[in-house]
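Only one chain comes next, encoded as structure tokens, the form predicted on its own.
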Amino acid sequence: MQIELSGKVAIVTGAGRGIGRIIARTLAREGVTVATLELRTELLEDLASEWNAEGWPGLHLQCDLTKSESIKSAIAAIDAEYGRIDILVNNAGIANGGRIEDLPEAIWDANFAINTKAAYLVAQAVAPIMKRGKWGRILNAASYAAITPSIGSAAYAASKAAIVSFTRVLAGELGPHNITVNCYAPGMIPTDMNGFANASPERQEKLLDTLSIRKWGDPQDVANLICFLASDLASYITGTMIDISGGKYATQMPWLAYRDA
């Protein structure tokens, strides 16, 4: 039994770097035609360069995910080029924060604009195309912060918790059209956004102590999950959040098992 995605058309938002880049690259290697949506020109140029070098088909479109008209234009261009959209990965996100008493309203709004509203707008634009094709997979980036938030992360955690409920409702609404909708919650995966890899050795040890699998995750772990959820092997999974955090706090003190092993 193998995952088979060849011939599908996917959209990955925020694919210029980090986890999104690995997701887009992995889908392309699986034979998926990938359309990436990015705001920054230099990231789009870098994506196009890699795709051309590898001989992968795809589009790399500049898109402001805070503006509905920009999103509609990008989705229309993808539909016009390929006549279908099978997979949507709402990966784009930010994690600006601060303690609530000092949190600027602009940071709160920015978290919801990128992490939550953009996912809604892109899904809204893509859903009619998937319904037309009578098949679809929508995958929304949540976060372990939606399960257990951290001090200073109110805006980020709330925006990601909202994604979980949004995912469930959308799954219910699109189920009759053979479209599944799930979200995924990455945990201990070092990225430029979370800075885990740059933390002090002592801080890194404390973070690793929270895990049942006591090692850092890799963006490829998330990409592998995306490929599974996008495939027919996951056709009976919808409306759920999958925790991909190495079993963070699956037990209260997971470090005890490593001490005693």
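Residue indices: 1-based, along the sequence shown. Predicted model only: the values in this text are computed from it and were never measured.
There is also a form predicted together with a small molecule; it is not shown, and the following applies to it.
A.B. asks: Just checking whether residue 167 would be counted as a contact of the small molecule in the model of the complex - the rule being heavy atoms within 4.5 angstroms.
C.D. replies: So residue 167 does not count as contacting the small molecule.
A.B. asks: With the partner left out here, check for me: in the model of the complex, does some heavy atom of residue 246 sit within 4.5 Å of the small molecule?
C.D. replies: Taking the distances in the model of the complex, the answer for residue 246 is no, it never comes within 4.5 Å of the small molecule.
A.B. asks: Closest heavy atom of residue 74 to the small molecule in the model of the complex, within 4.5 Å or not?
C.D. replies: Looking in the model of the complex, residue contacts with the small molecule do not include residue 74, since no heavy atom lies within 4.5 Å.
A.B. asks: Does the 4.5 Å heavy atom contact test between residue 64 and the small molecule in the model of the complex come out positive?
C.D. replies: Contact check for residue 64: yes, within 4.5 Å of the small molecule in the model of the complex.
A.B. asks: Counting only heavy atoms and a 4.5 Å cutoff, which of 74 to 82, 130 to 138, 171 to 179, 152 to 160 contacts the small molecule in the model of the complex?
C.D. replies: Looking at the partner contacts, the answer comes out as 152 to 160.
A.B. asks: To verify the annotation, which of these, 199, 39, 213, 233, has a non-hydrogen atom within 4.5 Å of the small molecule in the model of the complex?
C.D. replies: Residue within 4.5 Å of the partner: 39.
A.B. asks: By the heavy atom within 4.5 Å rule, which residue out of 227, 59, 43, 208 makes contact with the small molecule in the model of the complex?
C.D. replies: Contact with the small molecule in the model of the complex is made by 43 alone.
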